[in-house]
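Below you'll find only one chain, the form predicted on its own, shown as structure tokens.
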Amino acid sequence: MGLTKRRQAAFTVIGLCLLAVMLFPVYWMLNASLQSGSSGAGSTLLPLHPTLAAYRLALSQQGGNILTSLVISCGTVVLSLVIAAPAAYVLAKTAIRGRSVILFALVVTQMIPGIVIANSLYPVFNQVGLLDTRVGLVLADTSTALPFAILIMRAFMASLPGEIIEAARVDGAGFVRTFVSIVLPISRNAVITAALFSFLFSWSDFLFALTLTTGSSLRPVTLGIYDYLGDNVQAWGPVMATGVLSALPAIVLLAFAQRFIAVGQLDGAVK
């Protein structure tokens, strides 16, 4: 018993050390953002004289870029869920021909490098006028988020007991009503999980934003941070402050969604 406790204590210490190592870059970003005017190498370990000057500068220069990223990410989430939810239901609960091929194709799309997709989309978007547009970036980001959203929701919907769907149909519900009124509410956690990852895919996108924008009229926050990084960066405060501000939406969403990703999705569904 004593040995078991010592092992648990040792594992806890090792886990905390690993966690500290992983979180140190985040701490250093926050620390440097509070030392306005400091260089990266000149930052002290603690912000002895903290100031929010870097945040004021970052908001004045990057506020519009952060708003652009929010619009693009929310658009990606909406478009991904509108397409992925019914597609996942069909792939999970109907015996359509070629289902295994479709699922295999969805998995394969996750392995295609992003630069290949970006280079493929560029001439198409150029012809149809979607370069330098929010709609174009939403479509591009959706091409990455959609397969993952379908796969994650399909995996959950496939595990739904068939009795629930049969009971709805016995009560007179059609295919669409069964999906909207029964399947979607039960699949809430899977839908939220897919929405969360779709948002994160789009929010952190740099490759599509760099490839599919040619001017300065449309700048997501990832490109805004990139613009700071010249050959001789003197003040890292605004860079780090922008990094902290750009991380906040993801942190808030993760804190909100983690309880929906927990187990127990089917509690009360089967009586």
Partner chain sequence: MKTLDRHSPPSGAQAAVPGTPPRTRGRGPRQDRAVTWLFLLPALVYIALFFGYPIVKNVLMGSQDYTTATFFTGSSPWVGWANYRTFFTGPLAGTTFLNTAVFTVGSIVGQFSIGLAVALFFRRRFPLSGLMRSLLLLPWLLPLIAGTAVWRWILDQDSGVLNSVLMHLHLVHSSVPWLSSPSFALYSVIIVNVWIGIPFNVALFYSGLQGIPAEQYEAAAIDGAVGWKAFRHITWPALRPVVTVVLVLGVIYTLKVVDIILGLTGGGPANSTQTLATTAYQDSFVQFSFGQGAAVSNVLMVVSLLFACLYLRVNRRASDE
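Numbering follows the first chain given and starts at 1. In this text the structure is predicted, and so the values were computed from the model without any measurement. Under this definition, the rigid core comprises the largest set of C-alpha atoms superposing within 1.5 Å between the forms.
From this point on, the text means the form predicted together with the partner chain, which you will not see here.
Checking 152, 102, 192, 74 against the partner chain in the model of the complex, a heavy atom within 4.5 Å turns up for just one residue: 102. Contact between residue 29 and the partner chain in the model of the complex is found at the 4.5 Å heavy atom cutoff. Mapping the unseen interface onto this chain, residue 179 counts among the residues with a heavy atom inside 4.5 Å of the partner chain in the model of the complex. Contact check for residue 143: a heavy atom falls within 4.5 Å of the partner chain in the model of the complex. For the chain shown alone, residue 169 is a contact residue for the partner chain in the model of the complex, at least one non-hydrogen atom being within 4.5 angstroms. For the partner-free chain shown, 86, 87, 89, 90, 91, 94, 96, 97, 102, 104, 106, 107, 108, 109, 110, 111, 112, 113, 114, 115, 116, 117, 118, 119, 120, 121, 122, 123, 124 of 85-124 come within 4.5 angstroms of the partner chain in the model of the complex, judged by any non-hydrogen atom. The Cα position of residue 18 differs by 2 Å or more between this form and the one not shown after fitting on the rigid core. Once both forms are fitted on their rigid core, the CA atom of residue 9 lies 2 Å or more apart between this form and the one not shown.
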